[in-house]
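Below you will find one chain, with nothing else, as structure tokens; this is the form predicted alone, and questions on how it binds or moves follow later.
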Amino acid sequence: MDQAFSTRAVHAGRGDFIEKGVHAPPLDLSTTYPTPDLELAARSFDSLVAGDEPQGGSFVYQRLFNPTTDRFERALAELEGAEDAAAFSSGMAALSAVLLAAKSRGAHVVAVRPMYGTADHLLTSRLLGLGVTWTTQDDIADAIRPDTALVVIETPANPTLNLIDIASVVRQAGAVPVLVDSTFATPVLQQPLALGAALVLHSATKFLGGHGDVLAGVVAGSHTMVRDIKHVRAATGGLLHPLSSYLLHRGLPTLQLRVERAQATAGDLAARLAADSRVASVRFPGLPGQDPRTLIGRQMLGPGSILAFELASDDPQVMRNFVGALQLITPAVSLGSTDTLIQPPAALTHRVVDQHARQDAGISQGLLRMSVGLEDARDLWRDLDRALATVPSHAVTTERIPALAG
């Protein structure tokens, strides 16, 4: 019988707990494992280096395999409807391994902007020996070449919250695998593999970790593709530390609660900001007119909890005054934590992206990205309102500000 996501999130990766006599996920911090039977250990070593499961002889060495990390991978794979998953020391380590594994199919990637700034930089810099063609979501087919190994998209996009139609991209890509960075959506709101994507990637540092204390990445997909990615991981040494794996697995049962609570607050704040004359524009998929392809409800179960906005003045000092006046909201990069974070992408997370490319993607110098946390919506609005008082404005009226729900 099919179970609800919330039920699966609680029990994923815990199927053998009764047999083992434990109630919390076991934490194995071993960096090396005994190899009393050299023949079995060698067989296991060969299997792990190739990206396969251990063969019973020994786990040999933590760079190759860790049972605590394996538990989290199996849990995340279940929530994404995937056959397998591979966890890494960061989201960028996960993306790098995916790209290196893809080189066996070709030396070219098709990608859509905007995406996370360092991911953009990695592709553009050709550090991994792959060329990239940047295109739009409607022109994927025209960008595909005989040596195209992968199509890379991020939806919702960082930091503009643009939504990309995954099923349309998959159709255009044809036989070329599609990787979807679904960090902003999480498996709670979006299931890219069910829409035909070959791989789904998360910066697990964000919502999956959820508490600002884990640096991690994870990619899920078929056994065959993940095997190739684990082969790269075994060779390059990016396996996620078991303590981080433990914390991520521990946090999965509350993922849906955290995402849905933050999403509700983000909707309230986005509406208030959109009605405020001290704000020039707000980008949030839940606002009217910001989901032209009607993907909310069809591709995503909700708009998420990230929003972006521009102040009514583009004077850099105005932004500095605004950020400096915040007392509750934390000025910091990253997102998906229990507390609300805000940062200017052009100056921080996306400063490694070419300036013209940033501008073309709608990432202006005055754009602020806010990751809404679990605080009370009224407290967050009071903090924003206090900071907005530093922004020059005319004719700000309380009638233009909608009431908060509840």
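Note that residue numbering follows the sequence shown and begins at 1. None of the values given here were measured: they were computed from a predicted structure.
FYI, the form predicted together with a small molecule isn't displayed, but the following is about it.
- In summary, among the residues L301, A173, L215, L195, the only one with a non-hydrogen atom within 4.5 Å of the small molecule in the model of the complex is L215.
- Contact with the small molecule in the model of the complex, defined as a heavy atom within 4.5 Å, holds for exactly one of G91, G210, P114, P187, namely G91.
- Remark: of stretches 309-317, 91-99, 143-151, 255-263, the one touching the small molecule in the model of the complex is 91-99 (heavy atom within 4.5 Å).
- Contact annotation for N158: at least one heavy atom lies within 4.5 Å of the small molecule in the model of the complex.
- Using a 4.5 angstroms limit between non-hydrogen atoms, D120 is distant from the small molecule in the model of the complex.
- At the 4.5 Å threshold, heavy atoms of L179 stay clear of the small molecule in the model of the complex, well away from it.
- The shortest heavy atom separation between S245 and the small molecule in the model of the complex exceeds 4.5 Å.
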